[in-house]
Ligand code: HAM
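Single chain ahead, by itself, as structure tokens, in the form predicted on its own.
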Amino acid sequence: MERLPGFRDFYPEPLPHSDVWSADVRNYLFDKWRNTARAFGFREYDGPPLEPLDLYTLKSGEEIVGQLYNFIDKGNRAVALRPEMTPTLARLVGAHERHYKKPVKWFSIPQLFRYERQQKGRLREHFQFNADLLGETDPAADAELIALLISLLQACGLTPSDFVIRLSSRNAWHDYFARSSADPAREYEFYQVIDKLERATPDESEAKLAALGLSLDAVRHFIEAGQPTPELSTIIQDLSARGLAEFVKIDYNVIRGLAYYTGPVFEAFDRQGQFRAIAGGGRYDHLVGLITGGKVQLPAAGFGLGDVVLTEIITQRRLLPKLEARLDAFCLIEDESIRRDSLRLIHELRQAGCAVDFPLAPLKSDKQFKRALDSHAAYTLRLERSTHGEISVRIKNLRTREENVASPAEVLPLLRLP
């Protein structure tokens, strides 16, 4: 029985072969994401992986259905596996926003699903770090999110030579379109052309823009000029004050394809051009109102950072630490008459937060010691009973080979663990 196309198996290190993913790398990323987000004052939330289909069609239209894992459940409800987290967030915040002081700073690490063609850096499922800041219109909120994204990538070892945040604005493009003679009803169609500008051929883009009454040369001139709007200037100044200016540049090639963006938008790109976009997001001030039927109006901004491309980049750049199974101690039980006393000590150490393993069944001494080495244990413990019946523990540091003998109550302080 094989896994479904576009889905992944996660194994502990060392991996059996190259066609599986590392559960240890995934946990490494999750730890980096959580620690960085909490340093910025963000709180974690979550929602169900299965949502009403209407939650997504309301935001993106019926055309999104072809990209979803959707079906009719046993309650005759049209449902879908979540393809993104923002609609769920809007639903959660819309239901109970009065309970939380503003601004709301939340993050989550959902697994997301899309039924689409597989390609490099894009599968049918992935994990994604989502961070959102709701209840604040000041550009400082957008700058805070960009600073968080930069810090997340820095935490994984990436530097300004590895990535750049390309910063743009839907407002700038809205003003550009409004100055043209194009049909206002076709503005989102125009955004779609701009979003695909770097991927489409010049002839394709020229034809689509001409159908809107615009020219490719004029659009390119606007992009090359790169004049920042006041809001973008404020964001750049904020990031400069943090010492992060070298990570960011104004780039109007970025517009973000989703219809709900309303202001500054941004994407993180690999400077070497070997990978697709690492992350992306922006301001979406009207989505909560849309999801709640106008009952709650709450400005918002956020971004998503997927695990697939990020894992590929840090693996290719050799930035991953050695992710081996590591124990604080391995308890050798060479005398079965002392197993009960060993189990008591093992349980007490585990209760104190130590990672401790032991042979579940009788095993030769050399094989026990080999297992301790294979587990990369920092210490071995071996209980001994004196002729008077007293229990002592022989503690061996496997790095220095230093040995100590102590009572069971004295073992924990002698395990000099980081």
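Quantities reported herein were computed from a predicted structural model and do not represent experimental measurements. One rule holds for the numbers: they count along the sequence shown, beginning at 1.
The discussion below concerns the form predicted together with the ligand, not included here.
Of the residues 285, 231, 84, 328, just one reaches the ligand in the model of the complex with a heavy atom at 4.5 Å or closer; this is 84. Contact with the ligand in the model of the complex, judged by any heavy atom within 4.5 Å, is made by just one of 135, 304, 110, 289: 304. Here the chain stands by itself, but in the model of the complex one stretch of 154-162, 116-124, 319-327, 242-250, 116-124, has heavy atoms within 4.5 Å of the ligand. Among heavy atoms of residue 277, some come within 4.5 Å of the ligand in the model of the complex.
Using a 4.5 angstroms limit between non-hydrogen atoms, residue 260 touches the ligand in the model of the complex. Under a 4.5 angstroms non-hydrogen atom cutoff, the ligand in the model of the complex lacks residue 168 among its neighbouring residues. The closest heavy atom approach of residue 130 to the ligand in the model of the complex falls within 4.5 Å. For the three marked residues, 359, 396 and 405, no heavy atom of any sits within 4.5 Å of the ligand in the model of the complex.
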